[in-house]
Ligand code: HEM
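One chain is shown next in structure tokens, namely the form predicted alone.
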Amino acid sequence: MKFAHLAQGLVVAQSTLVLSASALSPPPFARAIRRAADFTFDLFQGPQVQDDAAVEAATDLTYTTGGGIPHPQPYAALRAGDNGPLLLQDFHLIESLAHFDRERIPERVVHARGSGAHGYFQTTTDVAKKYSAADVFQRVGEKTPITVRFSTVGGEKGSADVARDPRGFAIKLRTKKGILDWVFNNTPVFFIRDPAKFPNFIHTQKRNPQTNLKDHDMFWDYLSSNAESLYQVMRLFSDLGTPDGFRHMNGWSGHTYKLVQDDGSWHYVKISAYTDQGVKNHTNAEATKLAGENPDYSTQDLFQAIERGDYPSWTVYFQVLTPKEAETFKWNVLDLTKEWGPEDVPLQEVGKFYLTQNPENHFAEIEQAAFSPSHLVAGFEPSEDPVLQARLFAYPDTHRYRLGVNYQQIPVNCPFNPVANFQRDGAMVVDGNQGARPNYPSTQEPINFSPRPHSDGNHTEWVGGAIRYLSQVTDVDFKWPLIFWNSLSDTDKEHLVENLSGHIGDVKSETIRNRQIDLFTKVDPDFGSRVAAGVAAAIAAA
């Protein structure tokens, strides 16, 4: 940033003052201001120097304070004599302690435990451009820089990354027309379809407020009372719930989105990413052993694979329905607890993505990464899925809390195309704050607006008054659990029953245990009886 305009403004103000007072030559201080105006500098030279220094070896640098002042000894402290008290004037010591006290930012309330890497997405077919005007899909072969973060959902930041838990699978695409975030999980469905249930559901997956321990009664009390969770529960307690690292699992959008063309026509879409490494899972025994011996297994596996040049990749598919097809589809297309089977809605390849670059600094590039399903480019729109609608608010809100209102200025979140709007100031502005441009829609210096290619007038219409809605469980909610059960091999069924029996066997409440077993019995009587027998055996052995 140049400071010439600031100095010129001072010159104008000073000249006006002098001429109004007399016709004499400007006083000496005014001449000094004019001479100072000959000097300008780039305010962002400092950050650029720090970026350059970040990749230099320690042996090429000299130890300094945060202000760049060389300091002779990081372990030494100023004190009054050999045995006297410390001196408050020791800025280095004070700075070190004060910064250390503030090193931790709030961890994510969910998806706290994670790791990730960078790479690129490449459009491989013209399928997507048939449905969407999104620029990223218009040129086959074009590469788009991405950042991907994998995570567990319920565990704290220091928990094992091999735990039985769904995995977050978030992808940030830096398109030429802005940031597009795909905020996936490694499951095609989720436990809820009513957004108001989410905070309470997560509370039951965390820790008991009195004991601060994981509580199996809390865990199963919620799930047994909300039967729409059944399909996700069964996936979680199968071996799919303990994937072999992050490289060997698939990802799904779960939610339904809309693909929109320039003429306003649109389709419903679900997005998936299938691993090119092949799906691999741990058994419960293997995952439990790893959690004790190497709780960072998944993080280590990803990092070391990229370091040795074994770059993981995934193939991205769209499943597409017209609005008319959605009206008669066998599942409610806005229900997050229902999968679209490939036999019903074919997978259409749109691209691939590769992870080719490990972070240089995990905190800067992964911990500060901020993904949100509301980060959508033209050609993508949210559907009316109520859980998705809630996430559109919740995700940016948590980023503003965790990272600050200017989180999109952090390099890992920053788009590669210019940002121009009227948002200014706030905590931790780390760029030019959009300079001297007007911070309102000015008629003197009007900003350009991107024309909307179509009218929203008849794009989507709703009829009805405001209601307080809560979905109800019906027989339809037991169909996908049965499909899943019937798709399992005998070994997979055995593992699912064993994993469920051991976990439910730790539930103290007989009412909760029986309520959950009844749900499994309604899916399939043999399934229910096997879990009941396994729970009884687990209790007897305890």
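Note that this is a predicted model, so its numbers are computed, not measured. Numbers for residues come from their place in the sequence shown, where the first is 1.
Although it is not shown, the form predicted in complex with the ligand is what the next lines describe.
When the ligand is superposed onto this form from its pose in the predicted bound form, none of its atoms comes within 2.4 Å of a backbone or C-beta atom, and the site is therefore classed as open. Annotation: in the predicted bound form, residues Phe237, Leu290 and Gly502 none come within 4.5 Å of the ligand through any heavy atom. Only one of the listed residues (Leu259, Val316, Val136, Ile192) places a non-hydrogen atom within 4.5 angstroms of the ligand in the predicted bound form, and that residue is Ile192.
Among Trp266, Trp220, Phe353, Phe184, the residue placing a heavy atom within 4.5 Å of the ligand in the predicted bound form is Phe184.
Taking non-hydrogen atoms only, Phe371 approaches the ligand to within 4.5 angstroms in the predicted bound form.
A residue is said to contact a partner when one of its heavy atoms sits within 4.5 Å of a partner heavy atom; Gly155 fails this definition for the ligand in the predicted bound form, lying far away. At the 4.5 Å threshold, heavy atoms of Gly241 stay clear of the ligand in the predicted bound form, well away from it. Although the partner is absent here, Ser151 lies within 4.5 Å of the ligand in the predicted bound form, judged by heavy atoms. Comparing 466-474, 298-306, 75-83, 143-151 against the ligand in the predicted bound form, the single stretch with non-hydrogen atoms within 4.5 angstroms of it is 143-151. Of the residues in 155-174, those that come within 4.5 Å of the ligand in the predicted bound form through at least one heavy atom are, in sequence order, Gly168, Phe169, Ala170.
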